[in-house]
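Just one chain is shown here, as structure tokens, and it is the form predicted alone.
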Amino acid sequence: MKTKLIEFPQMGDARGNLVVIEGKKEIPFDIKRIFYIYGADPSAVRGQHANRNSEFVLININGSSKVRVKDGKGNEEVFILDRPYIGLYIPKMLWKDMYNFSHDAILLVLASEYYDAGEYIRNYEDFEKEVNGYE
């Protein structure tokens, strides 16, 4: 899989820390959409889909969460996001589940595309069929 953790440059002094993130620099795409998840119950599972066109970078800017990524071919990786200067890059056509949110978690998501419901695959079996070329 081509998922990868990205460590963003940190600048700071006695006044506090600053993290700068720019599209096509630290992020491997132009950022067209930004959203965030907060107030998620620790037992909640978010995501549960793949995207045909969108790439993402997920950053827990507060608290922590886990992200499970599957490629539909039997490969799976789990990442713990718990530092506000680390992002997880997720290319298109990978299944993602976000879960195990801490009570104070704020998960920021940067996306390469504007929202389009038609590019989402929300059933894992359909995702496997599409990835593996089955009808």
Ligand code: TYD
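Treat the numbers as computed from the prediction; the structure is a model and nothing was measured. Numbers follow the displayed sequence, beginning with 1.
Beyond what is shown, the protein has a form predicted in complex with the named molecule; the following relates to that form.
Although the named molecule is absent from this view, report whether R33 comes within 4.5 Å of it in the predicted bound form, heavy atoms only.
-> Yes, contact at 4.5 Å.
Find out whether any non-hydrogen atom of I37 is located within 4.5 angstroms of the named molecule in the predicted bound form, and reply yes or no.
-> Looking in the predicted bound form, residue contacts with the named molecule include I37, since a heavy atom lies within 4.5 Å.
Using a 4.5 Å heavy atom cut-off, state whether G47 contacts the named molecule in the predicted bound form.
-> Yes.
Give a yes/no on whether M98 approaches the named molecule to within 4.5 Å in the predicted bound form, heavy atoms considered.
-> Yes, contact at 4.5 Å.
Contact segment among 73-81, 39-47, 23-31, 60-68, judged by heavy atoms lying within 4.5 Å of the named molecule in the predicted bound form | Stretch with heavy atoms near the partner: 39-47.
For 100-121: residues with a non-hydrogen atom within 4.5 angstroms of the named molecule in the predicted bound form?
-> Contacting residues: Y115, Y120.
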